[in-house]
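There is one chain below, alone, in structure tokens, taken in the form predicted alone.
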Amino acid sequence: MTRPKIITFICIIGYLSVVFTFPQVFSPQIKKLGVLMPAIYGILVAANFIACVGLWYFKQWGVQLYLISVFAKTLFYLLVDQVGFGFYFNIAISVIFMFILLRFYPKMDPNL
């Protein structure tokens, strides 16, 4: 099955978010949180990128990894008490994307 245009849009938004959030891995704000926090945040950004690759190829594991990465990143921000307008905006966008992705989930390829 061909990839719907809305999934393409979600992937492009996801790739752009990875491009803009990857430099934050090395930012002083993340380094101040602890020794392992930059590594944990880097893993979350990498998981988001890999999920977008899975979505681009219209695979079910892309949706699963996207859901896991959104919940893990939300938990990370809550644990380090980094909530603000950007946090709530990202949550709202992620929830919208989740509903769209779950709508197309049965049509996606279950194989790797």
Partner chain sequence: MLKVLFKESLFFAWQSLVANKLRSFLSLLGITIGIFAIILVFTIVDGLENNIRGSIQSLGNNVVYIQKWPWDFGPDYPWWKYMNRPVPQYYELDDLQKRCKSVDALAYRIGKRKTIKYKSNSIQNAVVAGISHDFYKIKNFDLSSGRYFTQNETDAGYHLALIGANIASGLFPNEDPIGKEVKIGGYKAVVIGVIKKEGESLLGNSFDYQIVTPFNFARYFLDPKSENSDPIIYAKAKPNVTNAEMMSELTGVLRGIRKLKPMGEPNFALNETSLISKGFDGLFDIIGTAGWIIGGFSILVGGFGIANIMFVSVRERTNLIGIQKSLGAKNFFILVQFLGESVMLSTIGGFFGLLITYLITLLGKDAIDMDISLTSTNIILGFTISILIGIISGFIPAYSAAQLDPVEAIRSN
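The structure presented is a predicted model; accordingly, all values stated were derived computationally and were not measured. Positions refer to the first chain, counted from 1.
Keep in mind the form predicted in complex with the partner chain is missing from the figure; the text below concerns it.
Out of the listed residues L75, I68, A39, V83, A39 is the one that sits within 4.5 Å of the partner chain in the predicted bound form by at least one heavy atom.
Residue in contact with the partner chain in the predicted bound form (any heavy atom within 4.5 Å), chosen from V19, I13, L102, I96: V19.
Among heavy atoms of F26, some come within 4.5 Å of the partner chain in the predicted bound form. Interface residue remark: I50 is counted as part of the site for the partner chain in the predicted bound form, having a heavy atom within 4.5 Å. In the predicted bound form, the partner chain sits within 4.5 Å of a heavy atom belonging to A46.
When contacts are judged by a 4.5 Å heavy atom cut-off, Y57 counts as touching the partner chain in the predicted bound form.
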